[in-house]
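Only one chain is included here, represented as structure tokens and corresponding to the form predicted on its own.
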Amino acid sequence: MLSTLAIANYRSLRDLIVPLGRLNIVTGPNGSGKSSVYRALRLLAATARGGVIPSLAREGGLQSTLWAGPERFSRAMLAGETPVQGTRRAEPVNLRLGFAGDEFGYAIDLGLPVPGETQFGLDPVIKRECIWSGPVLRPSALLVDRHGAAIRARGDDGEWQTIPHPVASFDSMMTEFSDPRSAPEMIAVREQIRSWRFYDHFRTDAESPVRLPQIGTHTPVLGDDGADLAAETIREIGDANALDTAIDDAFPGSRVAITNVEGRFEVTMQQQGLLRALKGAELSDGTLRYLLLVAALLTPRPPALLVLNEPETSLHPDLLPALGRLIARASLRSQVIVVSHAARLISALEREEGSESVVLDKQLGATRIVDADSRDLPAWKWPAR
């Protein structure tokens, strides 16, 4: 389980250290940085699949995603006594992402290439990556260390061993190195990150594949777009009772079934008082989104981390307590992060034992955690270049 999320110089997240528990709620007003936290988590996940540089490119490149304010604020700036202004940089341009957990921590530092070395002068490069044991990076806890193209790892005797295969500046060591004998920790962290799942705004328009019959194949994990909803195998290899309970909790007297016509599966829903079941094309956007969230949260193969971005979209407020109970149940099997601004859902989740609520706002354009000074925030140290 992750205990800390750290982000530096990504959009409005100038220097954000987020404490994490089993069930986490990230909230705040519009423009406070909630979406940036979600995007930063997706960037972290992309490191394990070789996609962090392309992901940044799709966002407009490093120059478009970097913190746009000064490197640091003076006390006078924070007090409003002097205008905000830039100063001479003390550190090179960097965008940093990292996390720490029960077993391992990981951090990646991205920057710009040395001028004149490449035609891709604005393409971000990976300057450093580290994996360590324990909650805080310390020299004695460091297990795998990537500096530029070179990677070294600690052997069984605790001594450093240089890995003979250099890594390109645009490739993460997480995808380019796969020898479990010399760096088993890297394999463990990579597979942990690859298990993370993200669910954002599902399509429910008239042409959405969720509303149409689809070829049925075993689907223990709901896809990002929800197109394989009808093939979700909860009834066969998951908790069918939990599925029925979740549907009845939100829509009393209703039941969901899957029709199979020549191998094409379609979701149907029998509602109280109706003489026939409604097909996916007939269901409301909110009902369909709720069914998608049920499939995601009751997956027969729970991930290490499940991240939901504004799951309340299109849901009637009366459905949010039921959704909260469903999310709380999922947090017993997976660590869950919910990014939301729905007061009723937030209230339901905050009542759950052990939940961690993080409220964001901005000061001088930089996202911060409300009441951070009075909270016991986790310690964090970035690796030096």
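Start at 1 with the first residue shown and count on from there. None of the values given here were measured: they were computed from a predicted structure.
Although it is not shown, the form predicted in complex with a small molecule is what the next lines describe.
Undergrad: Where does the small molecule sit in the predicted complex: which of 42 to 50, 349 to 357, 317 to 325, 61 to 69, heavy atoms within 4.5 Å?
TA: Only one stretch qualifies here: 61 to 69.
Undergrad: Just to confirm, with a 4.5 Å cut-off on non-hydrogen atoms, which of Glu185, Asp171, Glu310, Asp145 contacts the small molecule in the predicted complex?
TA: None of the other options qualify; the answer is Glu310.
Undergrad: Within a 4.5 Å heavy atom cut-off, is Lys362 in contact with the small molecule in the predicted complex?
TA: Lys362 belongs to the contact set for the small molecule.
Undergrad: Is there a non-hydrogen atom of Arg329 within 4.5 angstroms of a non-hydrogen atom of the small molecule in the predicted complex?
TA: Arg329: no, not in contact with the small molecule in the predicted complex.
Undergrad: Give a yes or no for Arg368: in the predicted complex, does one of its heavy atoms lie within 4.5 Å of a heavy atom belonging to the small molecule?
TA: No, Arg368 stays farther than 4.5 Å from the small molecule in the predicted complex.
Undergrad: Does Ser36 reach the small molecule in the predicted complex if we count a contact as any heavy atom within 4.5 Å?
TA: Yes, Ser36 lies within 4.5 Å of the small molecule in the predicted complex.
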